[in-house]
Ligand SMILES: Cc1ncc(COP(=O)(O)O)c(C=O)c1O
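A lone chain, given as structure tokens: the form predicted on its own.
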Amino acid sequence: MPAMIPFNRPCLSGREMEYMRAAVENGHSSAKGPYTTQVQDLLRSKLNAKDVLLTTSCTDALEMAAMLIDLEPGDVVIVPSFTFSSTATAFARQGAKVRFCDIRMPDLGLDPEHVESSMDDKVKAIVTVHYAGVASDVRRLRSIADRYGVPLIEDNAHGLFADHGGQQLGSFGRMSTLSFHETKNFICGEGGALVLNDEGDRGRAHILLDKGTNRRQFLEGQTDKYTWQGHGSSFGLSDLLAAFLLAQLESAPEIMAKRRNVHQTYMQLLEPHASHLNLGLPYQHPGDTPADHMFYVLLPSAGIRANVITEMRHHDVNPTFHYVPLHSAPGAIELSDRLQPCPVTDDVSSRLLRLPMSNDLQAADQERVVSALVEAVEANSVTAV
């Protein structure tokens, strides 16, 4: 029997274990160690950011972003409905209400038209997600945010090192967040980062990172002691995980090339079937450098997806769906200020199917995936509802 092709397989790039051993041997494995510094310096340089702070998750980075924009009761933050719950809960935890907006085809990013029609004086921030590492209409969203005098925040969990029109994703907004979860392009098991594009956020962000103290000022010799200054938490990433992450980021060109190859192979295998099976294939903006974070298809109808997943798994292939729309989830009743229709989100969420994707996925396994998908769709399309 062939081995199951998993949805995701974390991959080593080469020096992860060497660096982790060194982190233990140098005596600093907790947060803010030497590997943390190296990773932050590397990301700051690559992203042309004012600062980068490593966190234990992208969720933590989003929570720090929410703390930095000084939300008050009654404030509203616009968030796409088609995203992971963390994108919304980070701002709800700070007392804001969330207003869910729709996405648009074909990039599955936040729809500027819906955002524009949803703006009022309660809105204090706009959060956009670059789904699958493909840019949302971030320039237009930035224009709307600037016109209303509110910050744009980029949830860039999927898009590290992707660019849009020659500019890095994550550099358009006041700040952005990254994920290094084991399912992402660059991993350390679980981790994240807050990317700061505004010099004015640096001082307070470090206080939040240092559990509410001015420890950074003390270490830089700006004060003779450090003390509690206000809100903060234990957001910092262990240097052990930063050591693992450094090895991954040092191999970024190789990792990105591998994922590009996997993505292109899927496209080549599926394009001959897309028309007669009525499959939607991923969109990427012409001229952009994509992140190739995932490969998905849009099935011809919502009614066949459960059967397609079951039948593909019978062929030892493990696909999966993605987000359940947040505007229709139970949490929206309590945490949203008003519920509004998001028809594109509803449609995409019901038909989207993610295929196995990893750095080292072999072409022969991709052929198995596509064969299982085509057979399952053909078998179920006749009875689709």
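Each residue number is its position in the shown sequence, starting from 1. Source: prediction; values computed, not measured.
Heads up, the form predicted together with this ligand isn't pictured, but that's what we're talking about next.
Using a 4.5 angstroms limit between non-hydrogen atoms, residue 157 touches this ligand in the predicted complex.
Using a 4.5 angstroms threshold between heavy atoms, residue 99 stays clear of this ligand in the predicted complex. Although the partner is absent here, residue 129 sits close enough that one of its heavy atoms falls within 4.5 Å of this ligand in the predicted complex.
When this ligand is considered in the predicted complex, residue 58 lines it closely, a heavy atom lying within 4.5 Å. Just one listed stretch, out of 270 to 278, 176 to 184, 163 to 171, 203 to 211, contacts this ligand in the predicted complex at the 4.5 Å heavy atom level, and that stretch is 176 to 184. When this ligand is considered in the predicted complex, only one residue from 226, 148, 84, 283 comes within 4.5 Å through any heavy atom, namely 84.
Within 4.5 Å of this ligand in the predicted complex, a heavy atom is found for not a single one of 134, 266 and 319.
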